[in-house]
Ligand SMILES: O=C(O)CCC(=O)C(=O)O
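Starting off, we have a lone chain in the form predicted alone, written out as structure tokens.
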Amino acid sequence: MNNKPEIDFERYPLDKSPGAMADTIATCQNQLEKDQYCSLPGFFPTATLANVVTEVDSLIPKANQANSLRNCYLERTQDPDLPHSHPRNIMNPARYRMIPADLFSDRSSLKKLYFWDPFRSFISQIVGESELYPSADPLQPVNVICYGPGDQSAWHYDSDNAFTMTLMLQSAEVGGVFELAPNTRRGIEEENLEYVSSVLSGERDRVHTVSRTPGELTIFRGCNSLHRVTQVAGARKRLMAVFVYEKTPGVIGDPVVNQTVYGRVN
């Protein structure tokens, strides 16, 4: 699928020569290195957003309600051999709805963007990968997280992917703030437990509040930086698309993760 997506081409001329985006790529690379996230506001224009939100609203009844009590490593059980105050034993609630990729039409603006080669090349340059590949999983490639009143995502790390990429579709009336603590760890060999514990206990000196206006694309290093979405309130849902790319072709997601997040394996 190589249909041209409906992005703001005046602001992001991905349909032009590669050099047209050189300054934007360099700026994003520098911000990603410095702060562990970078943002591209207005990636989806207003008309595109309206169409996507309409599609998402029609699919919410089919979304999976994901509720869990987990630690920041996405584990659901505590370790009795560790102190009660250890990050692995600090459990927090997470609640939201997930719409998997296979429910979206192939004509969806989200899928057009996800499978568009110039977009994937653009992202690979920002994150420093020679090439990125679409996920082969039927559920994961591009999905949408829906937060209603009382929903939230507790402090956590993402999987071992080198980066996480999201596109804000609709913000909540109250709450739903994206917060990130850069470089809380540097891989499992350098857990930095004192820093992690301080964030989990409410220390905010190094916590960034990341802008998430509708239409804004955000790339961040979620595998090494704790992050969360604060509790949502009000009638308007917080809707956020997540794009999952892989370093190698043919990658299928963990069936346990799919069952937990999407309510089914495939």
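Start at 1 with the first residue shown and count on from there. Please read these numbers as outputs of a predicted model, since none were measured by experiment.
Missing here is the form predicted in complex with this ligand; even so, the following discussion is about that form.
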Testing 123-131, 154-162, 108-116, 85-93 against this ligand in the predicted complex with a 4.5 Å heavy atom criterion leaves exactly one stretch, namely 154-162
May I ask you to check whether L14 falls inside a 4.5 Å heavy atom distance of this ligand in the predicted complex?
-> no
I145, heavy atom within 4.5 angstroms of this ligand in the predicted complex = yes
Indicate whether R221 is a 4.5 Å heavy atom neighbour of this ligand in the predicted complex.
-> no
Any of the heavy atoms of R70 lying within 4.5 Å of this ligand in the predicted complex?
-> no
For the stretch 203-239, which residues lie within 4.5 Å of this ligand in the predicted complex by non-hydrogen atom distance?
-> R212, F220, H227, V229, R238
